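Just one chain is shown here, as structure tokens, and it is the form predicted alone.
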């Protein structure tokens, strides 16, 4: 007999002290089951404030880790512990290598302030926290970098080079990328690790030219994980929640092409909104979670044998939490 996963998920949510959290990039049927939905910053804040002892996080691994770090008393399960490709580009050793790169080129370690994009493993966040640094999301990166610059230190930004470069450009600062051409930390304000989001690299200047030629008055809105050339050519750049707000505020007759993950764009207004790509910009890891996975995770709680629980060691929790709390404290 087949299982009606939607009905069973709703039944289990009512029976258990659990909150289902879903990122904007999740497939529609999973996203619709979320009690809390949003981008990384919203989910971090709302999960911490939630009163239920159980969190089921539908997203990628670093997001579940972040909830466990800022709210270690909660039991955090993930239907699929999918790994963000960008987050896998940097680990604790690569972080140490980046610090060593700057030190070898004349920047004292105490004069480095690391900032890590939330798309990173908890061990990297802990390294950042130990050095007095902060976490950021695409929603608050401008404020976090601005706050960091008040220290007078050099900013080491990991792991997304595009996010670091785009915010440097928007602030009139000089940036360089480790391993990409000549990167002299003494000559740059923000020194970026050479990581990136494979989905947001799909958007090209040719895509923008195609839409502008076809619809001369169209607006182009993109995520700051896109290449700096794409952001420069767009009419607007912003985080997931900022893109939603931008599109919602447009006149319904205004055409807009959006450069970010497909599931999100597909849920935006039906009329006059286009995906800025000739291919489907779908994040494979965000799409791993299914209704069946969510059902089985809830069922495991009911049966007293929870699966896919996120566990983070005490040392990592302590210092990663420092970096995350510093982020949350910036208004």
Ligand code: 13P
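Keep in mind it's a predicted model, so treat the numbers as computed, not measured. Positions refer to the first chain, counted from 1.
The next section is about a form of this same protein that is not shown, the form predicted in complex with this ligand.
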Identify whether this ligand in the predicted bound form is within 4.5 Å of every residue in the set 95, 127 and 194, based on non-hydrogen atoms.
no
Examine residue 25 and determine whether its closest non-hydrogen atom to this ligand in the predicted bound form is within 4.5 angstroms.
yes
Contact label in the predicted bound form: residue 240 to this ligand, heavy atom within 4.5 Å:
yes
Residue 203, heavy atom within 4.5 angstroms of this ligand in the predicted bound form:
no
Is it the case that residue 40, even though its partner is missing from this view, gets within 4.5 Å of this ligand in the predicted bound form, heavy atoms only?
yes
Quick check for you: of 213 to 221, 114 to 122, 247 to 255, 175 to 183, which stretch puts a non-hydrogen atom within 4.5 Å of this ligand in the predicted bound form?
114 to 122
Contact residue in the predicted bound form, from 276, 30, 55, 63 (heavy atom within 4.5 Å of this ligand):
63
